[in-house]
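Form predicted on its own, single chain, as structure tokens, below.
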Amino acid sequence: MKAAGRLDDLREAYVRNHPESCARHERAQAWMPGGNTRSVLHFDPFPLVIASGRADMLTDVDGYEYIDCAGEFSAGLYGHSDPVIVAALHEVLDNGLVLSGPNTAESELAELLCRRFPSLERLRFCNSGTEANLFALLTAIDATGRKRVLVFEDAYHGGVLTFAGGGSPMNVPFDFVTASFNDIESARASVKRHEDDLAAILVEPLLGAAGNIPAEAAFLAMLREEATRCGAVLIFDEVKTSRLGRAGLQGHYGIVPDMTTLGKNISARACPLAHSAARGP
């Protein structure tokens, strides 16, 4: 049988075996564009609708079970029912959900993170990695009195800060300058060309959406040197990479940015924005 015919058979079997996922997806499209809130989760003819998860397994609404190899794109590293996490969640539920004031947990977590990451002196919690990066950029723009931001091709810093294929019409209207990732000379030239109005350099130490490309140590060291020289704020987006080591990739490389955005350590909602005074390498 030709490959195209086999693919058609598999597609038909998928539709036949997942009627409830199909029905729920069709209903969802009436209220959400594409039927969900994350475009990356969609695939044709319709995505699976997940009913529950336990340990490393998922169950869809049609009763099929799957090994969860995605781990919520690494935001769910501990699976779906780790007893320590479940116990902590029950404790939170028992003590109340919205306390309308400072609580004990946030300051304790802030202290733990500041002790782990070399760049962190003060920390602010927010709602997402996207929001953390927006706050970091706005802080850098306000602190420097400058407007321009250097980013890198194919980088992803959130739903309104994506730079694949030259950028997105959904991006926030900041004054972006784009350079090639891991290209020391072109990035250095971009910094020098815009240094008088450069507020920030925003970089992922591992270019995630482009295929998890690690930054070269010399490339990050150059960015640290150039940011210090021209007075721009060097921001490491470690929303994805903060759990790749006790001090994230900044600890691995031994390069200290001026600001760091973190998140996804336990869930997509655990996204603190952390910042420090400017410092050299």
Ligand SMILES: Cc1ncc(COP(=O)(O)O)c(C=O)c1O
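Quick note: we count residues from 1 along the sequence shown, nothing fancier. Just so we're clear, the structure is a prediction, and the values are computed from it rather than from any experiment.
The form predicted together with the ligand exists for this protein as well; it is not shown, and the discussion that follows is about that form.
Proximity of residue 128 to the ligand in the model of the complex falls within the 4.5 Å heavy atom cutoff.
Under a 4.5 angstroms non-hydrogen atom cutoff, the ligand in the model of the complex has residue 239 among its neighbouring residues. Looking at residue 119, you'd find every heavy atom of it more than 4.5 angstroms from the ligand in the model of the complex. Of the heavy atoms in residue 174, none are within 4.5 Å of the ligand in the model of the complex. Candidate site formed by 133, 157 and 204: every one of these residues places a non-hydrogen atom within 4.5 angstroms of the ligand in the model of the complex. The chain is drawn here without the ligand; in the model of the complex, the stretch among 57-65, 26-34, 41-49, 239-247 whose residues come within 4.5 Å of it by any heavy atom is 239-247. Contacts of stretch 27-47 with the ligand in the model of the complex, defined by any heavy atom lying within 4.5 Å, are made by none of its residues.
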